[in-house]
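Before any questions on binding or motion, here is one chain by itself as structure tokens, the form predicted on its own.
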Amino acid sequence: MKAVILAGGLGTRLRPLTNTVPKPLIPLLDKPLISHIVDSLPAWVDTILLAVNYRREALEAYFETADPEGRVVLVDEPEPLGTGGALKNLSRHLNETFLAFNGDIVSSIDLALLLRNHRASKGIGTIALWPVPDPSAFGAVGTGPGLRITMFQEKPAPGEACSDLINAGVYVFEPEILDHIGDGFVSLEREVFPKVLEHGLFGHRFEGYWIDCGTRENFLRAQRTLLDLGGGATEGRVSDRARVTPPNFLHGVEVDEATVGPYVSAQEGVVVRRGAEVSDSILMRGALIGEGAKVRGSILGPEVIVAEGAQILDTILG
């Protein structure tokens, strides 16, 4: 079986970091974001089609070493095509039932159960659904008996949503879905799904966790979720006088008499100098936090230097 990961976006909400690092390769604890999806796929998925447009060469370089079995095949988008256009661009590869994922989703979904429910429904597609307290920032999905989808409601006003369920960005499709996608830039959510309801579009509600990592706030929320689930570790030179509050993921770091944590991930070569304070943040390879500096709620790109005494709060540095 084949799986498609839609990773062609520019990651504009994570700029300036994504000016140099493609969003799929931003680290989430011990591996890049994209690998959380790849590694979650069961063995019966034998081919993973990665739809890419922006900074393809960086993704190619990563998967040359990260995918020794060659399951991941990068397919170029000559220009941004949207979620629907990206699938259409892959149509020559998709001649049977396939999985599809938005490339910035981290979740606990049971893919085997999703596939079983899809096959039982005998529809053209099945969409994973996630409950939220207020779907007005997303788009509500209305369902009927058997979770057959009856309507889509784009960003409804507060209190006017048809349900508390939103599209979770994980799908099973029959190849016939491609016949309903036009050429060029096409949105699955806005242009394709509403017109295939008569062909049987079903929902699959699941529990556990779900995070769309498209923003700084949500990327850090995903990190907190995974750390709370036991993803923490500490490796490196940490001073006996350092105050480290778990959970954190610290790999190959140097920490002086500083305060670190909770919810910090730091890659190899990161240095935290005396008197600095770091919490709820991502420090990419080689970042340096100067003496007495404070970093909170932030994502720092490779080799970023935070000056002595500086305060970096709730921001992104490329």
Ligand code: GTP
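Heads up: residue numbers just count along the shown sequence, starting at 1. These numbers were taken from a predicted model, which means no experiment stands behind them.
Beyond what is shown, the protein has a form predicted in complex with guanosine-5'-triphosphate; the following relates to that form.
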- Please run the contact check for residue 227 against guanosine-5'-triphosphate in the model of the complex: heavy atoms, 4.5 angstroms, yes or no? no
- Query: Can you check whether residue 107 is within 4.5 Å of guanosine-5'-triphosphate in the model of the complex, heavy atom basis?
  - Reply: no
- Query: If you check in the model of the complex, is residue 149 within 4.5 Å of guanosine-5'-triphosphate, heavy atoms only?
  - Reply: no
- Task: Using a 4.5 Å heavy atom cut-off, state whether residue 129 contacts guanosine-5'-triphosphate in the model of the complex.
- Result: no
- Item | Candidate stretches 234 to 242, 151 to 159, 97 to 105, 137 to 145, one within 4.5 Å of guanosine-5'-triphosphate in the model of the complex by heavy atom | 97 to 105
- Task: Residue by residue through 82 to 101, tell me which have a non-hydrogen atom within 4.5 angstroms of guanosine-5'-triphosphate in the model of the complex.
- Result: 82, 83, 86
